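Heads up, the chain below is alone and in the form predicted on its own; it's given as structure tokens.
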């Protein structure tokens, strides 16, 4: 069975697209495939969504907690999106919420002890899944891909800075 996606269509009609566009489509396809598999495994194995996992990952790095604003900046989503996620994680007992000692208008959230234990189980399996998905790449391949993606990231930032400035 052949899966037809935007990258495959671009490859079939390579004269229609420049190399840069085909590269973008390949990166997008890889990201979509990996993310879809991670979403599916998180749901099947832990009955958790990827956004909840991502929020818990941010909180795991901050044992003293974070403000909703800090979390939304790190996750690059709106405060409104974070509020809903936090509410569900508070209800499930994974996260607790308290008022900031510095500013009474600000809420600070953190993983509960059980939330941290459960997240770390998920994170350990997640790491195994990612390793499995990249298992056909050798050590040298991974280093080279990391180097090239780093270079790509700098190129994109440079283009973005040039557009804004």
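Nothing here was measured: the structure is a model prediction, and the numbers come from that model. Numbering follows the first chain given and starts at 1.
Although not depicted, the form predicted together with the DNA is the subject of the following passage.
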Where, among 124 to 132, 56 to 64, 95 to 103, 22 to 30, do residues come within 4.5 Å of the DNA in the predicted complex by heavy atom distance?
95 to 103
Answer key, the DNA contact in the predicted complex at 4.5 Å (heavy atoms) among 110, 52, 41, 116: the residue is 52
Does any heavy atom of residue 88 come within 4.5 Å of a heavy atom of the DNA in the predicted complex?
yes
Does any residue in 46 to 81 get within 4.5 Å of the DNA in the predicted complex, counting heavy atoms only, and if so which ones?
49, 51, 52, 67, 68, 69, 76, 77, 78, 79, 80, 81
